[in-house]
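A single chain comes next, written as structure tokens; it is the form predicted on its own.
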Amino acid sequence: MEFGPHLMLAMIEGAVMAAVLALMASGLSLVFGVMRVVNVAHGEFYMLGAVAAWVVTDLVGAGPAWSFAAALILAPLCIGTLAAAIDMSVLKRLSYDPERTIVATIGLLYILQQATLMGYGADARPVAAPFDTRIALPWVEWAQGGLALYWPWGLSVTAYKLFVIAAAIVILLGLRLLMTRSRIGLVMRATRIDGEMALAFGIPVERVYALVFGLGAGLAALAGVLVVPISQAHYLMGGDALLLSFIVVIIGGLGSLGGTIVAAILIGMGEGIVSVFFSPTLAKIIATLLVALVLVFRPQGLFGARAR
């Protein structure tokens, strides 16, 4: 295959990675932006989403499409509810102290990971995609004095990968509308700006925190559900995803949803292209160097507000 079509395939793979990463990192950024909590266990909610997708599809057994649709609804709801319960029973008792919550979420990471190992096992298990039709992609070449379309051999993508990209765009647009155009979003923003003042005006801050923590975990679980037909469910899959999410949030700006999405596109597309043409290890090295440069020259991130 020529370089151009090969690059196009790499960009599609990068777009899929960026879509999943944007969903997961948005949840992490939302939790930090509103609660000022660094959730080290965020990757395990992503892993639980993938595992829950396998469990739901296995229990439903109504064909790939219906089973996956059930997983797409039930898994984020269950994981989000679990996260809200964890917030009310653990983080609330720590008064959301930054240092203690980091330690608590590290412990939560190992608890969730080992509980999944005992209940789910160490095997990586696949989930069938709801649809897996391959779509041939055209390429443009200069022939006989003009541009002409042709279909190179091997230049194709599955319909499901395009669905993942489209679904992530719709969900992120919905999240933005929720934060900017709804009463719930107004309450979240008020709590983020000044929690004590919000409490004085009768806003139930602790309930808002539980909702935000559950929503962030639900977004991570949703990313896990979407990725599991592409990458199998495994109890250790949260580690790399958490690292990339932290990289995205730091580059985009802590608490900035818009910056998080832009950074996810940059990191996802860059890692997809570099991984295809070079190696995944080099892609992670470049991402880590980008974080170092951002921390040195713009500590608040590309879109973060400068501390006063």
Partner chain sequence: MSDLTSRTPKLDRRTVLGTLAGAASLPLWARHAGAQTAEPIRIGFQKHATGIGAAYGRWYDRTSQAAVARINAEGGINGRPVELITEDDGTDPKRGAELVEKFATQHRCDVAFGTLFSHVVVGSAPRAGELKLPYFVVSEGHHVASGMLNRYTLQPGITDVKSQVISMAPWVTQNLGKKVTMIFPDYAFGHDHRDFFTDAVKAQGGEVVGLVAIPPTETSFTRYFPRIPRETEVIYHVMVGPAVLTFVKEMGEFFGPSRPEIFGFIDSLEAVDLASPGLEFLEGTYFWEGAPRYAQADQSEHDRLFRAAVGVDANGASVDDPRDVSTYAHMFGCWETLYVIKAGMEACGYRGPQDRAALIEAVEAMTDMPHSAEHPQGAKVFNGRTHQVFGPQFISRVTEGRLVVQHQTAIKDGFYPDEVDYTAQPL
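Computed from a prediction, not measured in an experiment: that's the story for all the values here. Residue numbers count along the first chain shown, from 1.
Omitted here: the form predicted together with its partner chain. The next part is about that form.
For the options Leu162, Leu199, Ala122, Ile73, the one in contact with its partner chain in the predicted bound form, meaning a heavy atom within 4.5 Å, is Ala122. Only one of the listed residues (Ser89, Thr180, Ser156, Thr81) places a non-hydrogen atom within 4.5 angstroms of its partner chain in the predicted bound form, and that residue is Ser156. Judged by heavy atoms within 4.5 Å of its partner chain in the predicted bound form, the contact stretch among the candidates 233-241, 90-98, 73-81, 190-198 is 233-241. In the predicted bound form, no residue of the candidate spot (Ser67, Ala167 and Glu206) has a heavy atom lying within 4.5 Å of its partner chain. Contact between Leu117 and its partner chain in the predicted bound form is found at the 4.5 Å heavy atom cutoff. In the predicted bound form, no heavy atom of Glu141 sits within 4.5 Å of its partner chain. Using a 4.5 angstroms threshold between heavy atoms, Gly174 stays clear of its partner chain in the predicted bound form. For Gly258, no non-hydrogen atom is located within 4.5 Å of its partner chain in the predicted bound form, even though that partner is not displayed. For the partner-free chain shown, Glu271, Ser275, Val276, Phe278, Ser279, Pro280 of 265-297 come within 4.5 angstroms of its partner chain in the predicted bound form, judged by any non-hydrogen atom.
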